[in-house]
Ligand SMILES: O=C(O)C(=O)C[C@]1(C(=O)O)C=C[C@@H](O)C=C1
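One chain is shown next in structure tokens, namely the form predicted alone.
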Amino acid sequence: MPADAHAPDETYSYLGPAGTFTEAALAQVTAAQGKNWRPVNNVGEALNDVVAGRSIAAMIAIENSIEGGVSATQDALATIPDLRIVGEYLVPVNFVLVARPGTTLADVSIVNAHPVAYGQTHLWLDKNLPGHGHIPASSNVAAAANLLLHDHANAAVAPPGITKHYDLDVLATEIGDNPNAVTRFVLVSRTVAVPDRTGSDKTSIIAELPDDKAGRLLEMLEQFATRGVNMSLIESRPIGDALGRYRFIIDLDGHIHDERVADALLGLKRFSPNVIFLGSYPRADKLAIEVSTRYGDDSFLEAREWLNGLMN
């Protein structure tokens, strides 16, 4: 049955083709098992599938332990409305170097690779293929597939197991510069009700500063620090309307139903001209969030009761 013939509530979009790390992340989603998986060419297409109702959700990469945040994903989440992150998934990342059958390492002068994958393997490539050239690919699997479509490159950086899908030779394995590299993926749906707290949650937001006066960034960060809310990620991206204007992508430890997180978001909303709530969802590592008693829910509730008592 063609992909378009499947009901949208049975379809999940992901960066294809088959064999990508994104597909490996989608394989961790229990609800997606047995459903239609729709491969797409880029993050924008995946999220547009969700907005247009072609898919119930899309799996996209948002952060890598080596390269940091994925700018295309961050920018898309900031500009495409009515999206909600409903889960996160971690995938260990390593790579192999593949080539057309009969090619040797000595034959390689041009390497096809996704820019992120190239950034995570460039030390190995520089050492073993000095003077090589690089042609960017749209995905790690596409880099390998391109070898069979044209001869612009001699080899490609690809995921392990790629030879299950393509007739290629593996010239080298484990070529990643960091064996502990991990990519974080998020499952994005249309705006849905926030799930219940698990005690091991993360809240993702995007916020802008009101202006570029001195101390504004500190004022924003104080909204979290004074309420005991830890940030596990903060990155800036240009807004694009003027030089020097940035938005901040922020991950908070905790859930919007946690009093400290809710109070921090209220303070942030009063401060920032534009706050985007991307969702509260279970952490992939399942680690419990530790909070001191003075920042626990009871402390906020007691303080509110104390204030109400003063006003009665």
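Numbers for residues come from their place in the sequence shown, where the first is 1. Small disclaimer: the values here were computed from a predicted structure and weren't measured.
Separately, the form predicted in complex with this ligand exists; it is not shown, and the next lines address it.
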Exercise for review: Find out whether any non-hydrogen atom of residue 114 is located within 4.5 angstroms of this ligand in the predicted complex, and reply yes or no.
Suggested key: yes
Review point. Is residue 252 one of the residues lying within 4.5 Å of this ligand in the predicted complex, judged by heavy atom distances?
Key: no
Exercise for review: Look up in the predicted complex whether residue 28 has a non-hydrogen atom within 4.5 angstroms of this ligand, and give yes or no.
Suggested key: no
Check your understanding: Though only this chain appears here, would residue 12 touch this ligand in the predicted complex if you measure heavy atom gaps against 4.5 Å?
Key -> no
Review point. If we take heavy atoms and a 4.5 Å cut-off, which stretch out of 222 to 230, 75 to 83, 116 to 124, 144 to 152 is in contact with this ligand in the predicted complex?
Key: 116 to 124
Check your understanding: Pick from 93, 96, 168, 186: which has a non-hydrogen atom within 4.5 Å of this ligand in the predicted complex?
Key -> 93
Review point. So which bits of 45 to 80 sit within 4.5 Å of this ligand in the predicted complex, heavy atoms only?
Key: 61, 64, 70
